[in-house]
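Take a look at this one chain, the form predicted on its own, written out in structure tokens.
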């Protein structure tokens, strides 16, 4: 992030605080409006091809004790972030939560990290500045890339060039908190394979899938962090690489795919920045459980409720997803990625993935 970007982010924060002051000057009750972050308030933007927030809003207003307390916390947080940018420092979301305990007004202190996380998201929305530009970062996700990608990154000692196969160990290249600092120098990859679990990621690397099929294997590490989604989008947009997503076959994993492809509900204000609408789902599909006779577990009540909820989720209201979810409800089963090992350790790389990627037109 350049000095000009840092200054712009700081000015946006100060302008936001000034709005509260101006409201006081005009005799208005200080307030801040943000979009309601629920699935009932997301809509498809056909021009941008992503899901964004609709018109429903929630207002944080000082006309109640609870609302006044939220605005007080917002002002203290703005001051902290503005000072942090001026000093060119950074902090984690967890540190912000604990730092609030040192603030001189107890009413400004956060009662939980969820509260401080949500406030940072509110500030992103109303200021138009991402938390990365606030110099805020999450705890390290540990997500990685393995494959034929050559890049340049910024380090504390200057720039460094890395090849994500030749210059890394079996663990791969660790994705930084802000992947916009990376410059792509070249790639021989044909597609991106985003993988949910560490066990499957390790199986693919050990079997040499990235080398045999010129694949960039991105380990999502469960629900992907924003940095993982951002670098995946950049790889797709800048290097014109197809994105495929390979997860377990359960409703929670379908939401992992949804966050990559459509964006998450809580960060729909950043969908254009994070989501890759062209991403395709490989599996595990409910249909795969039948076709490959995979070991499975019965759906729990929470699984069933989640699947039924996804049928009402606009991000999953396509013919493909409705068919797969209805099939899974009929089967009453779910399967993990690693259940493919029941057919042998090489089945996933020799048969399953080549067949699915061939059906999808990737191979």
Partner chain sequence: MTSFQSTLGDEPGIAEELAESQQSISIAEFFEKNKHMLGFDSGARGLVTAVKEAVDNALDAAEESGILPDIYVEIEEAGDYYRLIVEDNGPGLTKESLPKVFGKLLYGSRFHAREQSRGQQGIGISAAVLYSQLTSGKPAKITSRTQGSEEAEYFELIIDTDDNEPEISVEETTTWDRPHGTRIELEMEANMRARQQLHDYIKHTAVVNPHARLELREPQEHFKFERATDQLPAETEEIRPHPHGVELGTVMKMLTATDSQTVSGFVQEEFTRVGKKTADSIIDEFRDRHYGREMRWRPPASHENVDLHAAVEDATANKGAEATAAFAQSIADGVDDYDRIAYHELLETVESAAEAVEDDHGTTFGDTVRENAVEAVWLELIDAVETESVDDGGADDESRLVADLYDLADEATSTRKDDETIHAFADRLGAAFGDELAAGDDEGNVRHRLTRTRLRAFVDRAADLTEEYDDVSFGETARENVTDAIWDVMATVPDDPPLVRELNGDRDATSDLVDAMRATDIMAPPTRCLSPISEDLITAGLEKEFDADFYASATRDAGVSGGDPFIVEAGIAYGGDLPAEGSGEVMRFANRVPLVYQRGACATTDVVKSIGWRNYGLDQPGGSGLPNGPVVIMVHVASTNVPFTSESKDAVANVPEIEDEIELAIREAARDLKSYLNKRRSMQQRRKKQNVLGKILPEMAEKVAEVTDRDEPDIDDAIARIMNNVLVERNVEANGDGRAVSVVVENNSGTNENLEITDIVSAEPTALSDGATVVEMDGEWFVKWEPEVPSDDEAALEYEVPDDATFDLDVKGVESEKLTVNQ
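Numbering follows the first chain given and starts at 1. Note that the coordinates shown come from a computational prediction; the quantities given were computed from them, not determined experimentally.
Another form exists, predicted in complex with its partner chain; not displayed. Remarks below refer to it.
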TL;DR on 75-83, 128-136, 171-179, 147-155: the one with heavy atoms within 4.5 Å of its partner chain in the model of the complex is 75-83
Examine residue 62 and determine whether its closest non-hydrogen atom to its partner chain in the model of the complex is within 4.5 angstroms.
yes
Just to confirm, residue 342 within 4.5 Å of its partner chain in the model of the complex by heavy atoms?
no
At the 4.5 Å heavy atom threshold, is residue 27 in contact with its partner chain in the model of the complex?
yes
Do residue 69 and its partner chain share at least one heavy atom pair within 4.5 Å in the model of the complex?
yes
Of 107, 206, 159, 240, which residue is found within 4.5 angstroms of its partner chain in the model of the complex when only non-hydrogen atoms are counted?
107
Give, in sequence order, every residue of 148-181 that has a heavy atom within 4.5 Å of its partner chain in the model of the complex, or say none if there are no such residues.
none
